[in-house]
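Shown below, as structure tokens, is a lone chain in the form predicted on its own; questions about how it binds or moves come after it.
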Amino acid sequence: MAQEQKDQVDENFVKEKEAAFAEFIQRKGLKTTRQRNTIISTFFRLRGHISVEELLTEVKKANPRIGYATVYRTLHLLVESNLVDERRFGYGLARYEGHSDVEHHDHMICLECGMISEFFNPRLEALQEKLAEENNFTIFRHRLELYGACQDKEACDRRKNQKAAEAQGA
């Protein structure tokens, strides 16, 4: 039952994002297309930090005729609409984030396997607010990215090997 409720929440989330994007497209005077709808629906059902290539792989399962350029352009429209954030975690590859279990969060990035972990720490947030206040500064937004390495070397190696195998198969 709990999983059914979680799935329902996810579907409501997807529908909300689709509607918000449709409003954005209308305001810009652009057309709503089936291809864009497929890309948006697929994106908001995925979790994590998605690259263009990863999204394209998933989108092609629904519609093999959708190409890289269409996915790329749609992602940039999603960023422009403020429904998605574009992130570049140290190694240059753009990743897109639009769904998280917590609204605000920070990131830990493994420089060996590329794993990206999200975290939220209320003490860290409070410390940032205190520092801003002490320095007569108003924070509008912030981004914290911690770069390092996984402590579980076996899991890290498995992720590296899996990525290498996926790259060879691509």
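Numbers follow the displayed sequence, beginning with 1. From a predicted model like this one, the values you see are computed outputs, not experimental measurements. In this text, rigid core is short for the largest set of C-alphas that superpose within 1.5 Å between two forms.
Keep in mind that the form predicted together with a further copy of the same chain is not shown, yet the notes after this line are about it.
Participant: Please name which of the stretches 22 to 30, 35 to 43, 105 to 113, 54 to 62 has residues with heavy atoms lying within 4.5 Å of a further copy of the same chain in the model of the complex.
Facilitator: Comparing against a further copy of the same chain in the model of the complex, the contact stretch is 105 to 113.
Participant: Is every one of Gly67, Asp85 and Asp157 within 4.5 Å of a further copy of the same chain in the model of the complex, counting heavy atoms?
Facilitator: No, the candidate spot makes no contact with a further copy of the same chain.
Participant: Taking heavy atoms and a 4.5 Å cut-off, does Arg47 contact a further copy of the same chain in the model of the complex?
Facilitator: Residue-level check for Arg47: no, no contact with a further copy of the same chain.
Participant: Phe13: heavy atom within 4.5 Å of a further copy of the same chain in the model of the complex?
Facilitator: Contact with a further copy of the same chain, no.
Participant: Heavy atom within 4.5 Å of a further copy of the same chain in the model of the complex: which residues of 120 to 139 qualify?
Facilitator: Stretch hits, in order: Asn121, Arg123, Leu124, Leu127, Gln128, Lys130, Leu131, Ala132, Glu133, Asn135, Asn136, Phe137, Thr138, Ile139.
Participant: Using a rigid core superposition, assess whether Glu23 undergoes a CA shift of 2 Å or more between this form and the one not shown.
Facilitator: After core superposition, the C-alpha of Glu23 moves less than 2 Å between this form and the one not shown.
Participant: Answer yes if the CA of Arg34 moves 2 Å or more between this form and the one not shown after aligning the rigid core, and no otherwise.
Facilitator: Shift at Arg34: below 2 Å after core fit.
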